[in-house]
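Below, in structure tokens: the form predicted on its own, a single chain.
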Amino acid sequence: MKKVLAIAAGSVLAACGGGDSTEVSGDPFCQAVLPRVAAYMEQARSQHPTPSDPRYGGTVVIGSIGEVADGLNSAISADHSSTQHQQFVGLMTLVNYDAQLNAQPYLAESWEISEDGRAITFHIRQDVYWHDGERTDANDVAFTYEVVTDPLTAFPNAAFWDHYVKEPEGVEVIDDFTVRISLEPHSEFLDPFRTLGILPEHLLRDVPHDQLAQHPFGEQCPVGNGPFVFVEHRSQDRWVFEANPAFPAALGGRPFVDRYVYRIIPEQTTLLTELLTENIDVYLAPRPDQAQQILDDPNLELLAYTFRNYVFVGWNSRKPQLSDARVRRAITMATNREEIVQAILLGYGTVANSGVPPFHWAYDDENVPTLAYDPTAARALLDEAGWRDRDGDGVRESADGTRLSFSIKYNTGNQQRQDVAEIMQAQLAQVGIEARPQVVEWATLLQQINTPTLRDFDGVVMGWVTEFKLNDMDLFHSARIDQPYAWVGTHNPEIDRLLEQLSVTVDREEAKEVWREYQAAIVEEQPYTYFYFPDRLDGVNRRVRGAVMDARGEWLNIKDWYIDPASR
């Protein structure tokens, strides 16, 4: 039987964590859990002394422009870097993928599928402990499943669970280390368990699911079970983690580095300077125009690889200026995307016409229609839709006098997205559209676009990271219009039908034709102006050894990174 820790939620003024931190947040939850984490880590260090291998020791510092916006709260995570920290840093997922994208054991040491394909039974490792000393078990898995499949939680990737039986009927704890989850047979069913960090049932089970998003566990005092232990979070400045000495030896034991620091530096010129002057070891996602400086520095290397993301401008169809698909198509046709991509990416990427990335088996650049740059046709479409320059000021108006004017938001510190917004502003002006670039801090922007009751934007420049199981249900299906990722408010019965068909079409050859139809429908609807699939770039100091980064993520094997002893 697990010990239960009394918890309470409340506001805080400052946050810090376990390890050697001496201050404790004023929140009652944090006051209760952080001393237990500190005590367990002290005990673990004495029981698991650092090996004498010279690879152990030192601090690795990663710099990026944005916050880990959702911290370690996997129940509400809508941010790529947060999900990566949950997968590879502070929490553990049931499975990982190898380089060939085959599922491998992680927190689940094994699993089996029932003969009828309607149940997965996971067998949980018995040597994994939460950072406060409680052992991770099947109850944690069941609890996490119940949380993320409960609509009250508002789990952002609701489509993950479309073919799973929802809580509580969908999950059964067989014994302390065995849990069975029920589902309808479908393809790539393990993919959700690659990204979902398991949460501590003993700490969060009394928290109402609709209050988890505000709970201090995520950003103020998270308690994980992964290779790194939370130490400190200074909002908009840094996250600090230390090596977990009790991480299972069978999974590689404690990480090589003593500490991992994630710094938020919301300006890419400053990030490059910090990398060149060795104040950070890794610069995540430098701009293509910064790549040559990294390549020219003998102390640095540039990692470039195919990734899972694309950049687009999403159009809020709830706004009258953007409610007509003809207007959205005209916007795309008035934008010279090829010219913008060449100017911004400098060869590190390709133009996108839909959200199917070039590495995906459904990608088809020959048979899917596209919208070419054609300002003349764009003007004709706008005329047809009733938008004309009625007063001669250069901006079109509707019959009731509404100006074809809107803002395009982008996040602080992202020069590429700023460039997209500003170039669009100039190009759209040529066809009588007034677009106004507007910069917003990253976490604030996420709140503005993700909150269903807010949707405070007209257009927004964003990046989207696909999963290996490509699924646009949460983006464009009308049944999800009040979910976090339904930014654009698409309500198209044909798109709904095709998305539903894709979700149950297992055979890839059959699915390819459906994907072609779906992408053609997306081109017609044009909820996004798709821009490009960029190559992922990362600048890494050569003193960091063993770093592997690919389409699975940048933090993929951070527990195996080590600092060259001669460079510490």
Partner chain sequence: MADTMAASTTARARARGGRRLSAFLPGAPQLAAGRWGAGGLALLVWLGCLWVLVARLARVVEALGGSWDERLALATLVAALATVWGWSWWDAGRAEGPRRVGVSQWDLAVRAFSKNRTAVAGLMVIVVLYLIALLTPLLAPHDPALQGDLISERYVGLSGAHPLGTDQFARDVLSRLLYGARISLLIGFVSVGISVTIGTLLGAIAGFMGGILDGIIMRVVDMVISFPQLVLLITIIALFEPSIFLIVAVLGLTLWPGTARIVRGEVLTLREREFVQAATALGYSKRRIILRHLIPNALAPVIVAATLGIGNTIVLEAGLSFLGLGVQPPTPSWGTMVADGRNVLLNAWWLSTFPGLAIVFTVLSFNLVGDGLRDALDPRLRS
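Residue numbers count along the first chain shown, from 1. Heads up, when I say rigid core I mean the largest set of C-alphas that superpose within 1.5 Å between the two forms. Owing to the predicted nature of the structure, the values given are computational and were not obtained by experimental measurement.
This next part talks about the form predicted together with its partner chain, which is not shown.
- The three residues 87, 100 and 191 each lack any heavy atom within 4.5 Å of its partner chain in the predicted bound form.
- Looking at 361 to 369, 177 to 185, 414 to 422, 107 to 115, the stretch with residues near its partner chain in the predicted bound form, meaning non-hydrogen atoms within 4.5 angstroms, turns out to be 414 to 422.
- Shown alone here, residue 479 lies farther than 4.5 Å from its partner chain in the predicted bound form, counting heavy atoms only.
- In the predicted bound form, no heavy atom of residue 492 sits within 4.5 Å of its partner chain.
- When its partner chain is considered in the predicted bound form, residue 309 lies well away from it, no heavy atom lying within 4.5 Å.
- Though the partner is left out of this view, residue 441 does reach within 4.5 Å of its partner chain in the predicted bound form, counting heavy atoms only.
- The listed set 374, 267, 389, 496 contains one residue whose heavy atoms approach its partner chain in the predicted bound form to within 4.5 Å, identified as 267.
- The listed set 329, 379, 287, 254 contains one residue whose heavy atoms approach its partner chain in the predicted bound form to within 4.5 Å, identified as 287.
- Taking its partner chain as positioned in the predicted bound form, the residues of 332 to 371 that bring a heavy atom within 4.5 Å of it are, in sequence order, 339, 342, 343, 344, 346.
- Residue displacement note: residue 426 has its CA displaced by at least 2 Å between the shown form and the other one (rigid core superposed).
- With a cut-off of 2 Å and the rigid core superposed, residue 216 has a Cα displacement that falls short of the cut-off between the shown form and the other one.
- With the core superposed, residue 373 shows a C-alpha displacement of at least 2 Å between the shown form and the other one.
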